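Only one chain is given next, in structure tokens, and it is the form predicted on its own.
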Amino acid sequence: MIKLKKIQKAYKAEDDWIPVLKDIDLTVEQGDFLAIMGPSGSGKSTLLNLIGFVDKAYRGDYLLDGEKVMSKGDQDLSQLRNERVGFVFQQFNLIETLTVAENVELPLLYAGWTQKETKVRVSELLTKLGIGDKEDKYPKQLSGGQQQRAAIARAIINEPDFILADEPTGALDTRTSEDIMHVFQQLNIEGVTIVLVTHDPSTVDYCNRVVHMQDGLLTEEVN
């Protein structure tokens, strides 16, 4: 599904280039639940952005289903992001002026659905995630855990091939974090591929693979 070969990335700081990713080799198969662990500044989020077609300024090969991503234009990459990837963030990134249902339906509207077409699908998904009674609430009226469930709903409403989750439990208490990880685990059981960036060792118990990043280098934990 996803194959990274000798990926390198550096940022320019004044007259110097600072390496962030160093010869990264990584394969993510359909159905994987992969955790990327490492300290702040190790390159985890940079790698996640690259996998999610947000960042194309790198060297090396990124193959998706055997096709080189680098050869695609901005419009094609935008389409890949909308159709194949769901993003979940630590701070939820919900639009405060929209209701929960309106937030969740956005990817479908971008894909050309009408609001009438989205209504049933959004309602069913929110019910499945345990917040069916929050459709008409605004993000600030929800708890942290409820906001993250809404964010997950938005990420999976268009049935993406994989989810990229960047510290999705970082702003939550321990009990709520466990609830959210159970949601991810169930999605993975249902066939959704998940790549999770985390610094919390307890979250990796839900994953079938763990890789570690340190100073831009990647190593995989062998079970």
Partner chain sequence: MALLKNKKRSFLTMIGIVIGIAAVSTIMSIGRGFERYVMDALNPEEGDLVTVDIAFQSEDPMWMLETNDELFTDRDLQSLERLSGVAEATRIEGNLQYTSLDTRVNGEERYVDITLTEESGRGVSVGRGLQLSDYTRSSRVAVIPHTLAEEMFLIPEESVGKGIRLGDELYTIIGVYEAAIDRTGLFSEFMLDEVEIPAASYNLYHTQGGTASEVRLTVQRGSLPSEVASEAVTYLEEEGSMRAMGSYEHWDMSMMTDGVSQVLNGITLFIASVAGISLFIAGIGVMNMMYISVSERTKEIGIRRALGASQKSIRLQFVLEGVMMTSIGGAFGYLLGLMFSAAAAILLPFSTGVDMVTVLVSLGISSLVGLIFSYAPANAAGKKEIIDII
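Since the structure is predicted, the reported quantities are computational estimates derived from the model, not experimental observations. Numbering follows the first chain given and starts at 1.
As for the form predicted in complex with its partner chain, it is not shown, yet the points below apply to it.
Visitor: With its partner chain left out of view, which of Ser143, Gln115, Thr127, Ser78 would have a heavy atom within 4.5 Å of it in the predicted complex?
Guide: Among Ser143, Gln115, Thr127, Ser78, a heavy atom within 4.5 Å of its partner chain in the predicted complex occurs only for Ser78.
Visitor: Out of Asp161, Asp61, Asp32, Asp55, which one falls within 4.5 Å of its partner chain in the predicted complex, going by heavy atoms?
Guide: Among Asp161, Asp61, Asp32, Asp55, a heavy atom within 4.5 Å of its partner chain in the predicted complex occurs only for Asp55.
Visitor: Using the partner position in the predicted complex, report whether Pro139 sits within 4.5 Å of its partner chain, counting heavy atoms only.
Guide: Residue-level check for Pro139: no, no contact with its partner chain.
Visitor: I'd like to know whether Gln185 contacts its partner chain in the predicted complex, with contact meaning heavy atoms within 4.5 angstroms.
Guide: Gln185: no, not in contact with its partner chain in the predicted complex.
Visitor: Please determine whether Asn49 contacts its partner chain in the predicted complex, using a 4.5 Å cut-off between heavy atoms.
Guide: Answer yes; at least one heavy atom of Asn49 falls within 4.5 Å of its partner chain in the predicted complex.
Visitor: Quick one: does Thr97 come within 4.5 Å of its partner chain in the predicted complex, counting heavy atoms only?
Guide: Result yes; Thr97 sits at the interface with its partner chain in the predicted complex.
Visitor: Taking its partner chain in the predicted complex, which residues of 146-163 have any heavy atom within 4.5 Å of it?
Guide: Result: Arg154 alone.
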